[in-house]
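Okay, so here's just one chain, in structure tokens, the form predicted alone.
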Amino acid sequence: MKIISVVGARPQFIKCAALSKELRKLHHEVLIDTGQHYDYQLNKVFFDELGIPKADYHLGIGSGTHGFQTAEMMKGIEQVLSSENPELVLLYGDTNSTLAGALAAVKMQIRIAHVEAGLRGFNRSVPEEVNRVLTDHCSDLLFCPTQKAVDNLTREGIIDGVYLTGDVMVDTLADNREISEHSKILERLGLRKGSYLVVTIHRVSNTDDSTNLEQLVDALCELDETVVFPVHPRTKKVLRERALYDRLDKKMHLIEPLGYLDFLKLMSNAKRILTDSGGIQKEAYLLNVPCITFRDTTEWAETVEDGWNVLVGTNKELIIENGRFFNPQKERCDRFGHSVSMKIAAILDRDI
């Protein structure tokens, strides 16, 4: 069977790494990289480190408004689908690359499989929420990471083709946890295990809203903790434009984005992680690291319910308090499964 997989951003590269290995044992996979993340540290380094096969098609779309980016991706993906004529299009997560792949495939009446289906933050002002809802309603096979995701789909009337598989990021993390221990990132930054916080900020709601961004910067500058902040290129640009970058630079380690192995080592040895990323909330949970999330809602509600993630929005006092003192009081649960890629590959073998 010919399967076209569409990726374009860091979380998708991580998910694709494990599943692609299983798919290629029995199927012909054609990989499209939309180029949504085009900086080396957000793109090619993941292919290099995780052994992801070189993309068969690289669309090189880059950045832009949501409408422009999605439309350009749709045009490029449609051309590939026309020439390759696959039986299935495989999509990951909730980025513009995901939505573009779904719309291109459904209009050509090609079957769609969605990995990480059923997630909901219940906030339609978030672009990723729109992407995931529309993709789910276009899909024929929906691979859900949690029971809550299955329940979300049921409430929306999506029952056929729904499978509770667990989350493929579990496999990539398991495959690379031991390898990441060879990383020298702590030595390079002069850090001791459990003595620092990791921060990431990239959501448009935080970077493009001047009030939100200034509140985050104010809070981070008052934490009185050792902080490591790998700065997304777009976030760095906005921080510089608003004369905020130098304030942070005086208070913490501002570094370039890291490859998967260095970042995995950095996260797994952190005291706490502060982020607005969906994937990092989940990775923190899997790594036993408390997470403080710069959002008011999350698609990973299980991490909050289990007491390992706290939503603080951009509230300065909550960020400072939790950044200094947040400590989970419950044990983690086995929420996200095991050998997930093998389960998904087996379902595809049986149902396509």
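Being a predicted model, the structure only gives us computed values, none of them experimental. One rule holds for the numbers: they count along the sequence shown, beginning at 1.
One more form of this protein should be noted, the form predicted together with a small molecule, which is absent from this view; the next part is about it.
Site annotation in the predicted complex: the residue of Lys271, Arg120, His202, Arg111 reaching within 4.5 Å of the small molecule with a heavy atom is His202. When the small molecule is considered in the predicted complex, only one residue from Val227, Met267, Leu213, Val170 comes within 4.5 Å through any heavy atom, namely Met267. Stretch 251 to 259 is the contacting one of 251 to 259, 217 to 225, 79 to 87, 180 to 188, since its residues have non-hydrogen atoms within 4.5 Å of the small molecule in the predicted complex. Ala17 falls outside the set of residues with a heavy atom inside 4.5 Å of the small molecule in the predicted complex.
Looking at Asn176, you'd find every heavy atom of it more than 4.5 angstroms from the small molecule in the predicted complex. Contact between Tyr285 and the small molecule in the predicted complex is not found at the 4.5 Å heavy atom cutoff.
Remark: Phe263 counts among the residues lining the small molecule in the predicted complex, judged by a heavy atom distance of 4.5 Å or less.
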